[in-house]
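One chain comes next, on its own, written out as structure tokens in the form predicted on its own.
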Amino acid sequence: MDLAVALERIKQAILKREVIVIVGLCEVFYEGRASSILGPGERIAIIKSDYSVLIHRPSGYEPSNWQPPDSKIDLKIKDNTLVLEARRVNPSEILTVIFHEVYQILSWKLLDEADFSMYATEEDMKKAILFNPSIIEEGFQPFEQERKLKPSGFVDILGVDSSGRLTVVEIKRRKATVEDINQLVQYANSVEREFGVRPRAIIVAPGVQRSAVRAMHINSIEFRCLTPKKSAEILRKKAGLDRYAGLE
């Protein structure tokens, strides 16, 4: 692609606050809090609508160089190359990308206003229960987590209910299956052998597969509904409480 044409296309896309993808042969220089040089290679440069700039090599997910949003972007033709400069004032730093060849330029006016949500893991679900045991039921008191059982493995939470009855709690991030119910039965059997009493057995999950419902009833397994999303909300609340602890 003619470099003068490329320069004009990039300028117009920047003015429109479009997301710009430039593919070409380039060198990259950075001066600021440190300094770096990346020799000639075929790369992808991305200029986002907030004027952040990223340089990606053909492999790897992280950019080799980048400048944050609100960078001041300048373009010029110099010595038969297209020079892209992204500057920051505070701290003072400059990213210079020198294109010897431009293969392709693509740009779009993109809209993305969605919220990003990251939901909890099974470990986080367990933490939510330990923080708020009433998720299981009022009066439930956990006293041990990840207890090793012979020969069946590790039970997520061991506790007692409001009447003092031993209770085994197993947590699943997705709908509980027949295999999960059978596993919990084995845990309950192991606890009974160790303590000499039959415990209550509770599976905690977002739901139960239809094929597992009969196994639950046959083996007297109880169900408590808890989703990863709800667990994340509980943990966020806990984080807020921890933040203000001791300020009263």
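Residue positions are given as counts along the sequence shown, with the first one as 1. Just so it is clear, the structure is predicted and the values come from calculations on it, not from any experiment.
FYI, the form predicted in complex with a further copy of the same chain isn't displayed, but the following is about it.
Scanning 144, 113, 138, 79 against a further copy of the same chain in the model of the complex with a 4.5 Å heavy atom cut-off leaves one residue, 113. Under a 4.5 angstroms non-hydrogen atom cutoff, a further copy of the same chain in the model of the complex lacks residue 13 among its neighbouring residues. The closest heavy atom approach of residue 152 to a further copy of the same chain in the model of the complex falls within 4.5 Å. a further copy of the same chain in the model of the complex comes within 4.5 Å of no heavy atom belonging to residue 200. Residue contact check for residue 229: one or more of its heavy atoms lie within 4.5 Å of a further copy of the same chain in the model of the complex.
Each of 40, 44 and 56 is positioned with at least one heavy atom within 4.5 Å of a further copy of the same chain in the model of the complex. If you take 20 to 54 and check each residue for a heavy atom within 4.5 Å of a further copy of the same chain in the model of the complex, you get 21, 23, 31, 32, 33, 34, 35, 36, 37, 38, 39, 40, 41, 42, 43, 44, 46, 48, 49, 50, 52, 54, in sequence order.
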